[in-house]
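Below, in structure tokens: the form predicted alone, a single chain.
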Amino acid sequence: MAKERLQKVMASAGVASRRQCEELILDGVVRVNRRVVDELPAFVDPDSDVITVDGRRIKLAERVYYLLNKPKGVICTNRDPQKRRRAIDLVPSSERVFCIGRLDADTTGLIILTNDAELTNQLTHPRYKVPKTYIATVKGRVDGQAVEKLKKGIWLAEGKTGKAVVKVIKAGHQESRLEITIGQGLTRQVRRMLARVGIPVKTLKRVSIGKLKMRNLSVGAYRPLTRAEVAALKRGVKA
């Protein structure tokens, strides 16, 4: 387990705000494995270190991990002034969870929900390039030159995207289907890439994240990740 900042772990356990936790540390009332920690930065392993504040051991939230097959119209933010249905509404959990990355409301498919902030930061960091595969149903026949452009990377507002793996699953006059794998996570990236090469998207579904696959997970259904799957995700961001 990667070590985390002490004040962040304390705040996650509900001790106080992160700033107030920093003050508690500097006041010398925090101990880690019975030793006073009164300087910053300080790092701990929340899975193994014993942390006390004024002699009381803090209780850390259990780490939970879920895989959801998100339906269309569901959003991936925890707060929504428009009161739309959220991904977290479909995953009843005793712990407060949030989505790792986002799928826009019109895009369906796999998304991970967790309360593991460290893994979230790692999986969404551009450095690690965790592969994500999408199935895009598009209008008309796909031009071969457009496919080659997608493979080489497309210029968007943020810069040029990384190379994509693109396969034409179905080629028809009225409708075609593409499998697209990318390693980035820019906002609406696949839709924007396809728009740049003149390919109108009808539907878009994410079917894998790293080694996590859709398999028999029906639309709107979720399941807990196995320990092996969580371990594989963590290995992937440490590679």
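Residues carry their position along the shown sequence, with the first being 1. Nothing here was measured: the structure is a model prediction, and the numbers come from that model.
Not pictured, yet referred to below: the form predicted in complex with a small molecule.
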| query | finding |
| --- | --- |
| Among the candidates 68, 190, 30, 178, the residue which, in the predicted complex, approaches the small molecule to within 4.5 Å (heavy atoms) | 190 |
| Selected contact from 122, 161, 133, 107, since only one has a non-hydrogen atom within 4.5 angstroms of the small molecule in the predicted complex | 107 |
| Residue stretch of 181-189, 37-45, 22-30, 50-58 approaching the small molecule in the predicted complex, non-hydrogen atom distance within 4.5 Å | 181-189 |
| Residue contact check: residue 112 to the small molecule in the predicted complex, 4.5 Å heavy atom | no |
| Proximity of residue 150 to the small molecule in the predicted complex, heavy atoms at 4.5 Å | no |
| Partner contact for residue 102 in the predicted complex: the small molecule, 4.5 angstroms, heavy atom | yes |
| Residue 204: touches the small molecule in the predicted complex, heavy atom cutoff 4.5 angstroms | yes |
